[in-house]
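Before any questions on binding or motion, here is one chain by itself as structure tokens, the form predicted alone.
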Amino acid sequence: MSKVKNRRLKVVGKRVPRTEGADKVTGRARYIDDMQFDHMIYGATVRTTIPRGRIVSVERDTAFDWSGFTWVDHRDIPGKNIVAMIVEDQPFLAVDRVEHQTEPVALLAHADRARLAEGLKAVRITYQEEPPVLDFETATEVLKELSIARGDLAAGLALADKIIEGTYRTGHQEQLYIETNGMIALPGANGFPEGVTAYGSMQCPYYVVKALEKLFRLDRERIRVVQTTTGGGFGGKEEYPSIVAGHACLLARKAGVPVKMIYERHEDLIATTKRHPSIITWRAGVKSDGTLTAIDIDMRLDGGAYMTLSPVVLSRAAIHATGPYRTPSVRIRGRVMKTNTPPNGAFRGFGAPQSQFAAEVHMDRIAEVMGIDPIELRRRNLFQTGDTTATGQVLHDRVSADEVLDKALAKHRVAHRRSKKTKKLAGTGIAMFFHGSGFTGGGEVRLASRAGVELLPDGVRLLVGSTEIGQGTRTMLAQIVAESLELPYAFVKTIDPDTAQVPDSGPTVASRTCMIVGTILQRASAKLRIELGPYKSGDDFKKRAKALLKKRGTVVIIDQYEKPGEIEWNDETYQGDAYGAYAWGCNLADVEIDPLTYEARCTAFTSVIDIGRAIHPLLAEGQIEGGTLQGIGWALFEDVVMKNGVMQNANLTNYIIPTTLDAPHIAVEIVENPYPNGPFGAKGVGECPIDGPAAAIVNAIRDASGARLDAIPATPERIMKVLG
């Protein structure tokens, strides 16, 4: 591999055309609602309307004409009525209890969508209501808890000249992908009439396979899951599509025909998972020169009614809770609380945005109390190469926190020149952050992800279960393989992830696809080169490919994840190398506040991030810009209003996200300090851009107004309140 690493790269680092770009631009791409099958009917979900209680009865109106309808409830489930996740506590269809509003109770299908809507209205559910728990701040039932500790906290606090405390709050955030959740289910799969097939919009096809295995008590070969062109995910299509697929397949199996289930926007908003709200308290010991002597953090997250992916969210939130700062003594305690609201789940950043929001706003609080410039305070405490994290991980690889800070300050000065003729309150805020790439600790070993390449007469085909959801996965992986094989980019073909054709490459989450799956493909490509023997050109490659295929018939190389030897992790003590690599970033935000309306507006933004190597610079810049704007939306606009356990503003009129008119100029700079175990030095980029914007904006509001804002979103009402 050294020859590949040392030669001049021809495909990696170039802005090649997206593999699926032309199909999306021309309209040839087929999303799930574009697909049709013979005799297909439509499915819908009967949902509960109270947050907590017992189900007394579920009845269909006898005066309604039910001819042509297919009905499914928990009695029709052939396997286990449980959604296969980390903890199996969530039913596919409620039996006798209600734990949140919008809980699925029954399913309906009909060939006429209008009749289907009428049928939903003709179902009556009788309840015995119970008092719900709706506030996670006062909730008492713990879904998950963990603790991380290093050093002597009491001794560290005793060394401090001051102990500074603050509490910070963040709310729900909706992923708001352009395309809502949707599935089409067919009876039968892979030649087995008793099997099931699901086509749909998703991030993790093999999550769906696992869920269907238990739901139907079927072997894996009797299940087929195919990802269709997907209009965004951001984590919202990680675990929830398992539920939609299960519902659609139950209907299809009973009806004996294909069933399409597409959520309308309102249903998608009220029923699906969101970012976990958080309450995080920081207590920091600080010497007079600003040096941190100890950090004590307590975090509480709102898990909603069921566990879903809360353990993973809590884990990443806790590991990132100190921000990119060193201290000899640290204690982090985290809990996910149960409430009678729809479950919260995966969202870009997976808990790190919540915990690093608290860290960065608290750093500004420390700077103010100690009378130290916020930037200088950060410089004195930033991780350096060789430092040790809260989990005891020694940062052997290049730590570029100082570098991204310097580059961000320089770039912001050049890219954004503030007008001095404004009557608005103006300020600038900063946020530093870091983000681990891949699954936490031993997660990647347990996943044992697989991927590979298939030799074709005129190139190779990628065999990966990783999904394209708009972020450029297919393009980036094709670049890695083309570069590894020293072939033109056009020689690499891609296909839709279809579990009948591709191996399980693990979920498309956690900033892992490029670094983890890309490395597996790089190794598989190296093995294919050995099989082919030396070639000097594309034509020479084709000759060797045809000869080898004539001799063997098919040539497929599948490789599996191998843990780098230097990584050690203990799941029981939560100590060791939490991640193979970290991205390092710095954000600067300019904000103006209207003194009459109290509206805050981000007028300029700079994001500088070290991602190891930009496989496709334009796509990487797009990821940074997109994540930044999502962070700005979370900071300023996105306010999920809950009442009696259900979202009240579940429409695009009242749930406000930033439009192009709200987006500031975002100056982006990519820093490349290659990671030795990543493909051509790459590490994660997808999640880290959302870690810093909210804190940078809140710190800018403080700089502009002198008012301390410890909660987001920073709505005009909230700003008016803190300004007095």
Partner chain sequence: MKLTVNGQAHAISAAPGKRLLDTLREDLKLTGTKEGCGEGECGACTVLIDGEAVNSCLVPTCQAEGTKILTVEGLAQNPRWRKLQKAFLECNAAQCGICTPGMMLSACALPPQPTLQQIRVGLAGNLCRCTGYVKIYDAVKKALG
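Keep in mind that this is a model prediction, so the values were computed, not measured. Residue numbers count along the first chain shown, from 1.
Separately, the form predicted in complex with the partner chain exists; it is not shown, and the next lines address it.
For the options Ala158, Leu652, Ala410, Leu549, the one in contact with the partner chain in the predicted bound form, meaning a heavy atom within 4.5 Å, is Leu652. Proximity to the partner chain in the predicted bound form, defined as a heavy atom within 4.5 Å, singles out one entry of Arg75, Arg113, His396, Arg446, which is Arg113. Of the heavy atoms in Thr49, none are within 4.5 Å of the partner chain in the predicted bound form. In the predicted bound form, at least one heavy atom of Asp33 sits within 4.5 Å of a heavy atom of the partner chain. Interface residue remark: Ile41 is not counted as part of the site for the partner chain in the predicted bound form, having no heavy atom within 4.5 Å. Among residues of the shown chain, Lys14 is not one whose heavy atoms approach the partner chain to within 4.5 Å in the predicted bound form.
Heavy atoms within 4.5 Å of the partner chain in the predicted bound form are found in one stretch of 489 to 497, 211 to 219, 246 to 254, 468 to 476, which is 468 to 476.
Annotation for 603 to 623: interface residues with the partner chain in the predicted bound form are Leu618, Leu619, Glu621, Gly622, Gln623 [heavy atom within 4.5 Å].
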